[in-house]
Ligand code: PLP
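The chain that follows stands alone, in the form predicted on its own, written as structure tokens.
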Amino acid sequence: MSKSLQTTMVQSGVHSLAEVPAYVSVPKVPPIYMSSVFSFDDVPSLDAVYAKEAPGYVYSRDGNPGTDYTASMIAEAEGGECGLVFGSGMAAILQSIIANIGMGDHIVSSPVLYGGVYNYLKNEATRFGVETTFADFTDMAAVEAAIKPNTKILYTETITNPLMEVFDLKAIADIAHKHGCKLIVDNTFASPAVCKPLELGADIVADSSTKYMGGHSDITGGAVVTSPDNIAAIKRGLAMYGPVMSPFDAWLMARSLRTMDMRVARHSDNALKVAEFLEKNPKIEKVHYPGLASSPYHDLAMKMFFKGRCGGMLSADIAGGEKGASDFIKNLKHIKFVPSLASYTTSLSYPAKTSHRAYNEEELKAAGITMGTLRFSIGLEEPEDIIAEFDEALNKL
């Protein structure tokens, strides 16, 4: 019998190094392995660990029982075989890309992405001879037409940042595999409590675990989940470039994963109520949230996502453009303006000024991001209190 995500997260992460062999009792909560290096009794023992003939650790850049423990929990959450954790979401995403491309290769990506990844694909990857074509991922014919003989990766997000688009991941995976490509999906906005892209055919799923996995704005981290073959190549890059998660952050992440499913359920419920309120407000020109019946992505979201959840993220276009958006932010009392998301408290950000600064004016326009677009991360407060503060701020515009 398969277990629910909540039960899996509460029960998962058993690790032999959490036990104390000399005692009949073991710690209920695994310890923090704050050690940069591990000792050996002799050279043959060291050789055996390096050769993977014996279990063990050498240096925490290459592996640590605490980070491995947390990675195993995330792999279970995403429904995958193997996981790795990183010092940031960008590290996780870029290492999953770098491990699968070389000079002269080609990537096909959706155009509306987290700005840091868009900047990498457009400006940084080209320095190493890797070209990216941005295609409309709502149009499967356009996606397939963008693929070239040297295409290695199709890349997208489960719910796009910041316009909350939802694409047919199964259809995209089928196209990728037809042409011998891998599909990499950034699952940050959804989290495995909303969607598991691997079950829809994705080859690699990457997350900024800073967000819903951590959930408290006190950890910076990233995660990749995939097959053993894919994980080996990505792990080589992790050990080489060194963007590792600290043992303490890994311990905090494991703690937070225990409540992820319950938190994301609440985030999703609250976000839908806020989106419905904003959609009716005359100071709002448009609301982007797949949970709304009016969303062009609603039917697909209900098909792909669990329990009708659409996550805690939404965006809205404030009337008055930049002035309207800026005035709205100033009018808020308790809800903070921060360039991040997915904490326990409600916050908002300004994509054109923060996460999507890498987009020029033409690219923002083409993507549909206006100077009045604000991105809302709906928290765990009572929804009536969130709505009341937004209502008061909008009435002052």
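One rule holds for the numbers: they count along the sequence shown, beginning at 1. Worth saying up front: this structure is predicted, and the values here are computed from it rather than measured.
The following text describes the form predicted together with this ligand, which does not appear among the structures shown.
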property: G89 within 4.5 Å of this ligand in the predicted complex, heavy atoms; result: yes
property: Proximity of S191 to this ligand in the predicted complex, heavy atoms at 4.5 Å; result: no
property: Non-hydrogen atom contact E78 with this ligand in the predicted complex at 4.5 angstroms; result: no
property: Partner proximity in the predicted complex: T210 to this ligand, non-hydrogen atom cutoff 4.5 Å; result: yes
property: Listed residue that, although this ligand is not shown, lies within 4.5 Å of it in the predicted complex (heavy atoms), from S295, N270, N161, S109; result: N161
property: Interface residue in the predicted complex among F305, Y114, W251, F134, criterion: non-hydrogen atom within 4.5 angstroms of this ligand; result: Y114
property: Segment that reaches this ligand in the predicted complex - one of 243-251, 314-322, 81-89, 140-148, heavy atoms within 4.5 Å; result: 81-89
property: Any residue of 315-349 that, in the predicted complex, places a heavy atom within 4.5 Å of this ligand; result: L341
